[in-house]
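Let us start with two forms of the same protein chain, each given on its own as structure tokens and named structure 1 and structure 2.
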Structure 1
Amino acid sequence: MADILHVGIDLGTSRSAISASNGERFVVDSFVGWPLDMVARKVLKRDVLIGHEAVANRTMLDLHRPLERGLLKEGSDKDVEAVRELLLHLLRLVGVNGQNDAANVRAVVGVPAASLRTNKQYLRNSMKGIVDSLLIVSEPFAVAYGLDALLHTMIIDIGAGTTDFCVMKGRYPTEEDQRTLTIAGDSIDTQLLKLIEERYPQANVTVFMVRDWKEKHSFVGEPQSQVVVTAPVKGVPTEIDITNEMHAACETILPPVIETMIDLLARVEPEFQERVRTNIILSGGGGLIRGLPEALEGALKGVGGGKVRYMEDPVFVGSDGGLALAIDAPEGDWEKLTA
């Protein structure tokens, strides 16, 4: 691979995606696991497992989600190693193999806004040496760039660990343009698990099962149909109705999301507020919650109404934005951004 390869990477708390200029796109679960002992290593025949494989074999692994709650924990060597493994894995998926190839990669990595605000130096050092040139940006910014939504737009990126808000004002977003909530997909999972355990104390349910159910059936507002799932009850697969629990758990994110959205809107210059209100974009896995755009639009009625769009391809919208940034950045800049 002698040609320059541009890549955009969305390093998410739950899923990470990569889009490359060679046309390849992949998404993996942001889990990295190392075999717990020699026996596990022998069974798994691997030194490290990533993504779905790591989750599937979690009982034999020291499992890490490196950006849990949107932050890379400083001082955690394992989490740093997990970030590196994850990036290397994503690069391998698009055909980057070894140091020679990496020397020709120009990578833009989108990370949760909170992690960029609090430990950008640490984050950058953690990624050092993986590719030749590296640009790190906040995830909502990458989304906005990819959609050409850089002016009078609000991005609400609902991920697993965080919900990031970013108002685009035609400039690189500053801290005052952004907000981060730790109420996101994971908090819905926690709440849903708790509610299911309360209602079905005999059922044996894990957070991984709950996460799967949420991704298939999440909704706010009125249910379109009953949510019936199968869970082991005393070892016997049993159908349980979790419609009410799903509803209650998903709706927990509404008040803080609405409050933050309206607060950020109120801080936009008055003459532009209406334009921002009518240009709100939902991205991230949380954008898949059925009824969420309508619920947010309902809340906007109190401040003059608005329009909330949901991205059809939320999985790659961030990495595609990163790729667009990577391609647009002048080669002169890339030379300065040696990682």
Structure 2
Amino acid sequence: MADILHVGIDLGTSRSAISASNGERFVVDSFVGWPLDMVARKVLKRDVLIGHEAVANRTMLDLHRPLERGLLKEGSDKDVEAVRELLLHLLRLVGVNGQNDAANVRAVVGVPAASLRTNKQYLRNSMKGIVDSLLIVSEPFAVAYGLDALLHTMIIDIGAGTTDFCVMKGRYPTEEDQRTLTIAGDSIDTQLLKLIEERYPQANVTVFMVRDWKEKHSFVGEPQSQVVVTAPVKGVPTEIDITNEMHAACETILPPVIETMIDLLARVEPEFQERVRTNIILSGGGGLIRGLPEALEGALKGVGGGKVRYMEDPVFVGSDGGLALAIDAPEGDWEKLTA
């Protein structure tokens, strides 16, 4: 099977990552755009732009972010085309070019834990002709597999579109072992933008600016320092203090995350609950919010205490887990795709 290329793909609302058995790894922003008109096409000299390039040139593009809340948008042909372009781009980055190469590719794709069966079918359709064999798993399970955290562990994967929970019990997780919340990075961005606009009505701020500020300065609990950013106010670059707004927006995820974490813990067999409480792992970009592990550990004190750690470099943890699973998966687990 030396000619088979195994890949793990973490298909995310904000960013998508791929890890391949040939040693290649890439991450791209989950944006796809087509030139709006002949002028834009003349300037760009491209038929389609993907990732950061699409975001940077968005004023000239019909820009699509096809993975809403971590799921392929339904009912939009352009979004279906966009996710296919995104997948093709990821595979090209690791050396897969065209139908002939696709015949030798086996892909594990991570999706949110509560992904609907219909959405899985959309994804299967998008992958036809791109890879030979497919295995769709939940994103937190892929993370757990990559970390070899397969027993008495809880994964909390905070992405842009969803926060996914998975309790690992030494086997494939069932629906009862998993949860998905739509309170995640995007909802923080929306809240932060609203709060900034309310406090600084004359500032000109976009969600792209807010997302960048959040990724650099997000925190819960007490601030380590003031969060001061620069934004145009009446066209003049001006420093504005958004410490309180950042704090309020980031803390919106705490109540639902804590409630879901404790509910899942309560469903673990009693003799194993302490082991799971002391082995909780945060992953995803949202897992890097400063003070979040401490806040969750504070909430666990009421149920006997616990330990929460986070992945310092979460970019490839999902795709690396998918790759590990792809390499280990037995023949019977694969779904053969036909073009």
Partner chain sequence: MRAATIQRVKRRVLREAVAENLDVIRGAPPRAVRPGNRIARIWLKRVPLLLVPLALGGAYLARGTSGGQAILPVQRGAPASAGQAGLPVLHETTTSIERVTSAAFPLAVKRVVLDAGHGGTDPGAIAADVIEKAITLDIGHRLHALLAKDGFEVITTRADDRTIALRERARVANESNSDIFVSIHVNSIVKHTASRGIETYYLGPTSDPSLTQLAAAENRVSGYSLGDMRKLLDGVYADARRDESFKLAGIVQQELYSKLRASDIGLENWGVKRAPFIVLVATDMPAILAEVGCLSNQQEAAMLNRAEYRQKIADALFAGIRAYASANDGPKKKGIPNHG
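Source: prediction; values computed, not measured. Please note that residue numbering is based on structure 1, beginning with 1 at the start of its sequence. Rigid core: the largest C-alpha set superposing within 1.5 Å between the two forms.
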Students should recognise the form predicted together with the partner chain as structure 1
Could you tell me whether the Cα atom of V315 shifts by at least 2 Å between structures 1 and 2 after core superposition? no
Would you say A329 moves its Cα by 2 Å or more between structures 1 and 2, aligning on the core? yes
